[in-house]
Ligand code: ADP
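Coming up is one lone chain in structure tokens, specifically the form predicted alone.
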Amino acid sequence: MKVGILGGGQLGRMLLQASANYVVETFVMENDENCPAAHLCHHFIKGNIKDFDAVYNFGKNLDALTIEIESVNVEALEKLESEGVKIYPRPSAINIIKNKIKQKEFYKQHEIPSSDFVITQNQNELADHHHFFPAVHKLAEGGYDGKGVQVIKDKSHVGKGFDEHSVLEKMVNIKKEIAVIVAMNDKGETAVYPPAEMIFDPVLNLLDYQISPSQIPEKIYWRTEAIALKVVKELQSPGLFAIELFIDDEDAVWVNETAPRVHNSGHHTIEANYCSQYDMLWRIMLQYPLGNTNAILPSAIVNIIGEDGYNGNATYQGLNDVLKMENVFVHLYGKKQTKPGRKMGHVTIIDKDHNYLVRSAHAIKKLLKVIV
């Protein structure tokens, strides 16, 4: 079977590593021939995943196709789907999710709890919606890893907003931020991973560390799962989805965003769950039974981020000390160049003791530095 991946970053790299369990011929398209996934696939094609002709020509001789990032040419995927290529997830789902305005309208249409919003065409319109403040302004398309998102606390912050098609969301008083990964196959069968709790770096707006399963009351646990399942079932598409949710101060659960692909919040599943999110996506694409999503042990993830003030060939300070730690698994993404804030890898810790996970996460953050 011939399967293609649009995008060759760290998620594509880990997806390809999981493909070793199956008899499959892999293809990757990415603009950068030195991308993390390039050397792990059977066939690498240099090309722009946003270009119609490039995507169509890449996929027309494949059996199935998936994405590593949602900023792809959906029109080309629609044509490929009409010609019999299996697309995971379906182009109709990608089309909704890749545009944050369409996402919010989708949640509203299907009565999925999400914060109130208004659409803005330019920066000047923000002042007209001051009753929404404090709010979060998000670019309709193109935002990624904290970029394209701006907090508008009051009228004095209007100048920080975006002067293009965007969505203004009323801010939620967040107590916890949760991610739930849901798998659905072509038969409509589903499998849900335990919710993971994400703790963010307030400066970079990137994942600082993560704990899974999240320590939340059972009632809220089941509500997050039910809402995540509803999102995926309403999208009516097989594939793997990560649903990011907020739990507010009154324990209400709100959907923030959905990702139509393997996700950073699911890195821990490689070691911590019986079936990783990457293996699960291969099972879906190859028409195999869904895997076991249960946790083997609780886990934590620490992102390895390029240090401030360092640009150039990456060196990993403290790596040997981290590798000496028990129940710790280091994943480097094969990126040769570091720069401030760039994701260079992650570390997974597994242990039955929650306090040990938190202590280890903080210790790793202090020990492991990406410099030049």
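Residue numbers here begin at 1 and follow the sequence given. As the structure is a prediction and not an experimental result, all values here were calculated from the model.
What follows is about the form predicted in complex with ligand ADP, which we do not show.
J.: Where does ligand ADP sit in the predicted complex: which of 251 to 259, 221 to 229, 272 to 280, 74 to 82, heavy atoms within 4.5 Å?
T.: Contact criterion met by 251 to 259 only.
J.: Check each of Val136, Ile101, Val158, Val192 and return the one that places a heavy atom within 4.5 angstroms of ligand ADP in the predicted complex.
T.: Flagged contact: Val136.
J.: Quick one: from Ile216, Val118, Ala295, Met171, grab the residue that has a heavy atom within 4.5 Å of ligand ADP in the predicted complex.
T.: Only one listed residue qualifies here, and that residue is Met171.
J.: With the partner left out here, check for me: in the predicted complex, does some heavy atom of Glu141 sit within 4.5 Å of ligand ADP?
T.: Glu141: no, not in contact with ligand ADP in the predicted complex.
J.: Quick one: is Glu234 in contact with ligand ADP in the predicted complex, heavy atoms, 4.5 Å cut-off?
T.: Glu234: no contact with ligand ADP in the predicted complex.
J.: Does ligand ADP get within 4.5 angstroms of any non-hydrogen atom of Tyr88 in the predicted complex?
T.: Result no; Tyr88 lies far from ligand ADP in the predicted complex.
J.: Taking 4.5 angstroms as the cut-off for heavy atoms, does Ile199 touch ligand ADP in the predicted complex?
T.: Contact with ligand ADP, no.
J.: For the heavy atom contacts within 4.5 Å of ligand ADP in the predicted complex, list the residues of 226 to 253 involved, in sequence order.
T.: Glu244, Phe246, in sequence order.
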